[in-house]
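First, one chain by itself in structure tokens, the form predicted on its own.
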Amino acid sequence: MKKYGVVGWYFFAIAVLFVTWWFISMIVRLPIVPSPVLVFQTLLAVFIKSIAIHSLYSLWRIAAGLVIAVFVGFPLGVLMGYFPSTDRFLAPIVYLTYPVPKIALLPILMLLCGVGEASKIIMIFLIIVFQVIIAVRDGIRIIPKETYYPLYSLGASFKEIFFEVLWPASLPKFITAIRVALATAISVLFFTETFGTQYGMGYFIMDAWLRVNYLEMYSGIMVLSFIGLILFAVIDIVEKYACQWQYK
């Protein structure tokens, strides 16, 4: 296993889950718990004609919400962490709005933005942005003040301080916040895709369930799981190369 590294462990974990699933299906012997072999065969049969387009829609919504959350949340987190006056002004707003369950805002978003793409992307944005803001802010606040003194004495600009100190200090917490928020975002996306759309993995899974097509339902769940696996694997790769000092 050591020879194949991280990829080998991923395949090992997948194999363990599939074997466990297969044993459960053999013991239960009910249509609601089909064999993973049958599910995989169904997945191959319907992937091109249906699941592929649904998974692309889900990935698009996650990516769009994530990108917007990063572009909004990261600068706000930097400003709140570096400038105490900005933190005093924005922190109460963040603390008042962050605890609100984002899924409770879905009816409001649908009324304001419609039931199309906008409400789903904004929902993903709201789930991720607050965690980004707080993680980046806290990552910068723990930097010792003495770290800035040499840069101040050399007349460094805010841009230089950002790239030399703030960016590397906040990056690990920022990546961790993205990793944690994505899990919640995928779960909520499943729920939002059951309203006002005919595309997305949430719609595909619920539609298969309503048609009592358990093989397609499990195929959709399997694909949704692999989407999560791919996203987390990408984040791990980015973290490994962006935060190399943590792995030395």
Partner chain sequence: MIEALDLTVRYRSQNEIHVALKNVSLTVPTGMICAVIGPSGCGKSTLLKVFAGIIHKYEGKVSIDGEPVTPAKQKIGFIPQNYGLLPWRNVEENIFLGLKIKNTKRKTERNALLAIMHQLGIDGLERRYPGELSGGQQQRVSLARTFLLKPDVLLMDEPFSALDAITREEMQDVFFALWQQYEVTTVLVTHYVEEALYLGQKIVILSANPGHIDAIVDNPLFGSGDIRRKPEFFKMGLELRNLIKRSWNQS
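Note that the structure is predicted; figures quoted are calculated from it, not measured. Numbering follows the first chain given and starts at 1.
Same protein, other form: the form predicted together with its partner chain, not shown, and the subject of what follows.
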| task | Could you check which residue among F158, Y95, Y149, F89 gets a heavy atom within 4.5 Å of its partner chain in the predicted complex? | result | Y149
| message | Counting only non-hydrogen atoms and a 4.5 Å threshold, tell me whether V165, A169 and W245 all contact its partner chain in the predicted complex. | response | yes
| Even though its partner chain is not shown here, does S85 get within 4.5 Å of it in the predicted complex, heavy atoms only? | no
| message | Can you tell me if L154 lies within 4.5 angstroms of its partner chain in the predicted complex, counting non-hydrogen atoms only? | response | yes
| request: Using a 4.5 Å heavy atom cut-off, indicate which stretch of 76 to 84, 100 to 108, 116 to 124, 140 to 148 touches its partner chain in the predicted complex. | output: 140 to 148
